[in-house]
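We begin with a single chain expressed as structure tokens, specifically the form predicted alone.
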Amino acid sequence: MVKTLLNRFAVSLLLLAGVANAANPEPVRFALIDPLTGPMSVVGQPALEQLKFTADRLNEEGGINGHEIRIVGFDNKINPQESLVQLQKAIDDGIRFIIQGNGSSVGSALLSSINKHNQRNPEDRVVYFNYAAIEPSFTNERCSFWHFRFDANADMKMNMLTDWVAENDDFKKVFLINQDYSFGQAVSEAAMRMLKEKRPDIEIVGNVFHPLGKVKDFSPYISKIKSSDADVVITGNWGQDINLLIKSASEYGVDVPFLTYYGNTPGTITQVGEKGVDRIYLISEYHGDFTDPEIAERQEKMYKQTGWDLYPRVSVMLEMIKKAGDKAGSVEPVKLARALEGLQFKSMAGDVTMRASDHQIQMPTFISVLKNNMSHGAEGTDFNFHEVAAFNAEQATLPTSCRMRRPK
């Protein structure tokens, strides 16, 4: 009799625990694997703060299907091998959603490792959310069901940029300078190919590569730009490498336009200031002319809380993941990934779609130029980027060679 009562009591406790767990579901954790220390932390730290900032807001709205969102930072020191160490730490800790953006060399290593993990562990799969590693192959020949990209890839950006360049008769001589790894090489290759197609009269007067994150003095490269007599520079540089490149150009009086992928990297505006006005161009999903008061309020709150500016696509990424999880009614990786495929979303960056065929986001994109006395300044200044050309999502898109293999 006593044994029966004890058994019934144990069952009751288990039932109560189940009710408690249902009422208070486990948090869903995301591992950010990015440079959080060292010279390239200038891009990793803002992403971490933006994710936490956005997670706080989304948690007030119920999290993802009732699960609280938690962001955990893993410092990869912008090293692919270290990134794989941090990936394994995250997986061992039970995290099944990985976020990364800085460095396609890192992205490549993560993509391969996550694909292998999921093949070997079909009951314990991991999903990779990519907000800035834009080497084109990730959503073409190397596309994966387990990878979603929330930024236009390098070819998409270059296609729009060269359309704009082709219409500018003042551009006759182009100098290319990029970081010496897969992304920088992709930027260079796309620029040469697309300019040849659209403006065969344009002369490429320099095509230079430099080590990623290791150059402290860009003056030798600036000397090459000056001696080339280029009238425009195109660069995919990011992090410290765009900060120092632009700063060195302003110090040595190179006043030709710099057409950049990441001229809004934190620190660039502060360092160049007035010398960058009408000279630093940016191709991005964002510019400083926004008029939506909600965005202005978020920007002000973000800067006040963290000292960093709003990072729109990072916020859009987390918002879309929430929408997918809510739609699926689950935070199970495969179910959430399936719900994210083809998802349409009205975001602060405009109407966006996660294309199902290759998991490449389709979004409006803008070319803008640095101006002073902007209504909404960046980095605590009056400087920000003013729109000069706009491309809707349909204009921004490119076809894909992806042949997606999906889990059964």
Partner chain sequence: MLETIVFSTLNGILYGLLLFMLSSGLTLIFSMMGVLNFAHASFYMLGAYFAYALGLHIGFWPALFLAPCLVAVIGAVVERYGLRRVHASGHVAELLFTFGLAYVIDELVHLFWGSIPVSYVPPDYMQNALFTLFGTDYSIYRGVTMMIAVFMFAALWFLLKKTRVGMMIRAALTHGDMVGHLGHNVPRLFMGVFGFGCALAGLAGVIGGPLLNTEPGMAQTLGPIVFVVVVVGGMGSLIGAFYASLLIGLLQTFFVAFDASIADLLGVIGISVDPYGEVTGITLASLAPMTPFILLVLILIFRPCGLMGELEP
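Positions refer to the first chain, counted from 1. Owing to the predicted nature of the structure, the values given are computational and were not obtained by experimental measurement.
Beyond what is shown, the protein has a form predicted together with the partner chain; the following relates to that form.
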### Task
State yes or no: in the predicted bound form, is some non-hydrogen atom of Asn59 no more than 4.5 angstroms from a non-hydrogen atom of the partner chain?
no
### Task
Check whether Tyr262 has any heavy atom within 4.5 Å of a heavy atom of the partner chain in the predicted bound form, and answer yes or no.
no
#### Entry: Lys275 within 4.5 Å of the partner chain in the predicted bound form, heavy atoms
yes
### Task
Decide whether Met192 counts as a contact residue for the partner chain in the predicted bound form under a heavy atom distance cut-off of 4.5 Å.
no
### Query
In terms of non-hydrogen atoms within 4.5 angstroms, which of the given stretches 309 to 317, 323 to 331, 149 to 157, 249 to 257 touches the partner chain in the predicted bound form?
249 to 257
### Task
Identify which of Tyr221, Phe145, Phe171, Phe290 has a heavy atom within 4.5 Å of the partner chain in the predicted bound form; exactly one of them does.
Tyr221
### Message
Considering non-hydrogen atoms and a 4.5 Å limit, which listed residue (Thr37, Thr353, Ser357, Asn372) is close to the partner chain in the predicted bound form?
### Response
Thr37
### Task
Within 4.5 Å of the partner chain in the predicted bound form, which residues of 210 to 245 have a heavy atom? Give them in sequence order, or say none.
Pro211, Lys216, Asp217, Ser219, Pro220, Tyr221, Ser223, Lys224, Lys226, Ser227, Gln240, Leu244
